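You are given structure tokens for the same protein chain in two forms, set apart as structure 1 and structure 2.
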Structure 1
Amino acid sequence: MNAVVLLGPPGAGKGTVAEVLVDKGYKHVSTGDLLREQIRLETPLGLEAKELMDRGRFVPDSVVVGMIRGLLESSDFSAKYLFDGFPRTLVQAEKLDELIASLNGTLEHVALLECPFDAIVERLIGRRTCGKCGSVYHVTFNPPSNGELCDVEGCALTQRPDDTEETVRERLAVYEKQTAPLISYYEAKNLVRPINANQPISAVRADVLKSLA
């Protein structure tokens, strides 16, 4: 079992970049998507996670690590995983190392998406989503053709509760405090591959592919 970690602040483009690695055979593991599914199902975990995420907070390490442990232990030996949004803390990074080692796997490298915080704020507060088909737009960079309506479904687009400027800046502050220390942790292991995420997504994807070579 091999793995790559996508590291970077919220809004740096980890989810979008992940698509190109999935084409290379990696299984995309997004803890954000897993948690949002729990929220959609209104499970106890989902309700707890929603409250925290709406305030720009992260869910406890014990919950996230437990989800990942179950996923890895049920996989086959030849699986390749791409972790998006995990690990977020040093505790999670250490637990991931332990899990991978216990499965005789390898953490290949860490793709670090770097982007100025002001650019991230502009990206996220302008993001709009269709509740029916999931299409994502941006009021500046990718606006719908018909005002605030989805081009596919024709219904009103919405802004995620955690995409307000106040919440985005809170999320970035939490990232800087809790997640940024992972850069030094992985640099000490010579695993970090810096990627300029403040450029067109096609260029970011190309740079990520180069980092795998």
Structure 2
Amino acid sequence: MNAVVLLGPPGAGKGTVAEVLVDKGYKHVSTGDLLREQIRLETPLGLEAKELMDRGRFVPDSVVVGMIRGLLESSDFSAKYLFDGFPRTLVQAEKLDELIASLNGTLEHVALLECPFDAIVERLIGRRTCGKCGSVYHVTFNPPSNGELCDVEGCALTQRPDDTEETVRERLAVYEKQTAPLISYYEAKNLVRPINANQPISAVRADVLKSLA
């Protein structure tokens, strides 16, 4: 298996640019989406995760790594994966390296979406998502064509409970402390491809596509 990691602070646009890689045959794996699915199904894991996610805290490494291990070990070894929101800690990065090695896979590169924190707060507070298909919009930067309804499903969009200003600031602090060190970790392996994420969505998507070359 091969993999690309999308790294960057919450709200940098990881989910938004993921689709250009999906068009190139990558399977999009978002740990945030997997956890929200557990919350929706009201599983014990989901109930534990919700309490942490609503406060902007991370779910334990063992839980997230377990989900990724289960997914990789039960699927096609020739698949190409796009990891979005994983790894988020050094422990997760090391475990991902071990998993990839055990499957004789390759981590191709890490696309690092760089965006100033001020822009991020505005992005996350205005983010709206479709509860049915997961499409992501922004009230100003990427509004649905149909007023406040999802373009795909036609249903009302919702705001994530962790997209309040207070929780966004907590998430950015957690990112600085726990996830930003991954940049040096991957730089030491010469895997980082920086992308300017502080541009219009179409320009960021084009740069992500170029970074694949």
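Along the sequence of structure 1, residues get numbers from 1 upward. Between two forms, the rigid core is the largest collection of C-alphas that superpose within 1.5 Å. Not measured: the values here are computed from a predicted model.
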Structure number of the form predicted together with adenosine-5'-diphosphate (ADP):
2
I need the hinge angle between the two structures, given as the rotation of the smaller rigid body against the larger one from C-alpha superpositions, in whole degrees.
21
Once the rigid core is matched, what's the CA displacement of Ser135 between the two structures in angstrom?
4.8
Upon rigid core superposition, what is the positional shift of the Cα of Ser75 between the two structures, expressed in Å to one decimal?
2.4
